[in-house]
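One chain is shown next in structure tokens, namely the form predicted on its own.
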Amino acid sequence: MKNLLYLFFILPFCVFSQEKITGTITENIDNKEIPLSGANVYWLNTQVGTVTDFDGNFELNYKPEYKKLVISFVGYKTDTLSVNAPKKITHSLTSTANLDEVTVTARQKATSRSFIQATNVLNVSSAELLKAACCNLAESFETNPSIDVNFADAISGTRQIKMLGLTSPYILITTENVPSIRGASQAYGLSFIPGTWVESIQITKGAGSVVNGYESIAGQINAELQKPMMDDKLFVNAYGAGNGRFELNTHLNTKLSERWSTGLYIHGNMRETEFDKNDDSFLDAPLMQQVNVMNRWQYTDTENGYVGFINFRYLNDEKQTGQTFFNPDNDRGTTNAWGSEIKTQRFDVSGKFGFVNPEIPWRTGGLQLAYSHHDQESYFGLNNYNIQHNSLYANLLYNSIISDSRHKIKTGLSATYDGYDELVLTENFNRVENSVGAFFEYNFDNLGDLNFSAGIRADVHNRLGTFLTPRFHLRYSPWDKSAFRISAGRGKRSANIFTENQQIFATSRSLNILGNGGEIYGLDPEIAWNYGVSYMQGFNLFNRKADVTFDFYRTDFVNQIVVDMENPSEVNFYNLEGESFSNNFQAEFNYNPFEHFDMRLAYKYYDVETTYLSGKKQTPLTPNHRFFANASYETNQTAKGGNWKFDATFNYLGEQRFASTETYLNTIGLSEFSPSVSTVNAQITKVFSANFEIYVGGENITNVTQSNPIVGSDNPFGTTFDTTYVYGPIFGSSYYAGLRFRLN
């Protein structure tokens, strides 16, 4: 009985007691250690964490499997400590304003998702971009299941991307968080950012943040550019492909002083060889040439907390396509031969300026400024289309905390100006848009199982009116290595119906605007709500790291500008009258079965429907099912840093509905739905050293092609000519080779 009572006495302590570590976090000011209140302290790769109190003290549960303790605070260098037993820890954080240059060498993870961010963000590193023939931003998503890449038409060779079943105009595409691919650049702008210029890409599913504006509906793609202070002193990338495409990229970076660095980035590409493998008399790939030059300046004053970037860029891009015997000097404006030329000149200048208060490092400010002039002159057969777009953008941002770093705020002001001058066939469309807005975003993060961000912005727009844009993201982690997310938000935008749908000019269809007196082409602005839920779980499979993610997103349009091509002889633009939505489900599995080998599998289901004049139908050329697989492997590095890298990607696209009636489709040799399509891409890279590597690869190795992609190619000035029925590859297999040289 006595032993039994003793057991009952000690049992509660055995059950409820748990080992803990305690400690104090400080900062060094004038050689004195001052307690740091509100610092984040958590175990690496877990949701177990806490925040230091007013005296810099903390207490945290300890388990033997917890080995790495992370300590972070806004404006300070994040430190990771090794902990092998429960003990008292005293640690001093270093302000980022006093950091010397630090070099870290490690195997770079190609793609990653965070378990602790409220937003559903996929981070794509430069290592991922090197896995394929990544020649421009449009081609940077071939190894990524979250973005769909398709051809827009059978003429221009333009790649069109989709997210959550919606085309790129519904995605906010930014360069270093400054809106860049919009307006006149929407159709071809992704091909105007060379892949080697990109340092990393962040893909955000859902409505995004109010800080970046009100236009995002499906999500945001942000491209971070190479930094002159961090990029190689000299970088050269030469590329040649069997489809006649050649490219040369050169980076020249110079450190002018301790605070100033500059970089000159030069890109050129060309294709002068004609290909017509399917013998339909039309070029399978356009003839083209592009010169793209950027001068980038970086200023960093860590002592006083200032950082800045200034960019100057000039682009000249020319494309010629159409029939193989088309001569623009003699045949333009005639029916001798069908041809097209697209000539674009663009100049832009942008600047980003930031300040971190060395005395109060959690208070930061930033200013973003951008100007661009875009001039496109083009014709498609007998259809002329020109557009000139002048754009100004300004965004003033302030960050701080409330009480401690668990409560962060962002607030600021923004202003935009867009002037459009369009020639469509024979009619001019000119308009000016301008807006002024203010935004506020609150972020809460307890460094445990919950964090969220809630934002709202108010904008006054001369054509869209005065309106509010709310956005919300939440992350909850019910257990280790898990993240359950929900998001909701509203987006509003002007639809540039002609520049966003330039493929319609390469048809014999008539163009009709069925407007109601709205402010943009007689039409109303587009408004949509996006809702999303996501669950991510990390785990060990056979003692190797793995994770699985399930996403579901729905977009509901309050109003949409419907591009109706159901009548084979017309394209009708009108405001939505009825229901339009996009449902997207994605399951993704990532696994590292053995050292240096990564695999990624994904399945996507789309249900995208719109109400047309003829009734509610599935959106054309959007497959219900898509399957994706990617595998990559690299050997161990030699003493000189050399190794081999192998990568392969498989894509399966289910059947896609063609626009128009089944009766008409049968007369032109098409059924209501396309066949399914499967493609395989692969690349092998031989790294000789940290300075030199070569690569060879193949796209569409299985040589899958769409037969007769151009309807009415035998009579391009007839009533049935149409280049928009494209569901798969046109060119067939293509092989390439290239080299990369770096000098640090």
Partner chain sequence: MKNVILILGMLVVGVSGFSQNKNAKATIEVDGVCGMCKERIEKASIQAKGVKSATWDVQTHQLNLIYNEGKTDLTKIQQSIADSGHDTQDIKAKDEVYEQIDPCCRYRDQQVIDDHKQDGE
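The term rigid core refers to the maximal set of C-alpha atoms that superpose within 1.5 Å between the two forms. Numbering follows the first chain given and starts at 1. Keep in mind that this is a model prediction, so the values were computed, not measured.
Beyond the structure shown, there is the form predicted together with the partner chain, which is absent from this document and is the topic of what follows.
Student: Can you check 403 to 411, 202 to 210, 369 to 377, 224 to 232 and let me know which stretch has heavy atoms within 4.5 Å of the partner chain in the predicted bound form?
Tutor: Selected range: 403 to 411.
Student: So, residue 359 and the partner chain: in the predicted bound form, are they within 4.5 Å at any heavy atom pair?
Tutor: Residue 359 belongs to the contact set for the partner chain.
Student: Considering non-hydrogen atoms and a 4.5 Å limit, does the partner chain approach residue 456 in the predicted bound form?
Tutor: Although the partner chain is absent here, residue 456 would stay clear of it in the predicted bound form, with no heavy atoms inside 4.5 Å.
Student: Quick one: is residue 448 in contact with the partner chain in the predicted bound form, heavy atoms, 4.5 Å cut-off?
Tutor: Residue 448: yes, in contact with the partner chain in the predicted bound form.
Student: I'd like to know whether residue 81 contacts the partner chain in the predicted bound form, with contact meaning heavy atoms within 4.5 angstroms.
Tutor: Yes, contact at 4.5 Å.
Student: Of these, 77, 277, 544, 481, which has a heavy atom no more than 4.5 Å from the partner chain in the predicted bound form?
Tutor: Of 77, 277, 544, 481, the residue with a heavy atom within 4.5 Å of the partner chain in the predicted bound form is 77.
Student: Of 431, 255, 640, 363, which one comes within 4.5 Å of the partner chain in the predicted bound form, counting heavy atoms only?
Tutor: It is 363.
Student: Superposing on the rigid core, does the Cα of residue 67 end up 2 Å or more away between this form and the one not shown?
Tutor: It does, since the residue 67 C-alpha is displaced 2 Å or more between this form and the one not shown after the core fit.
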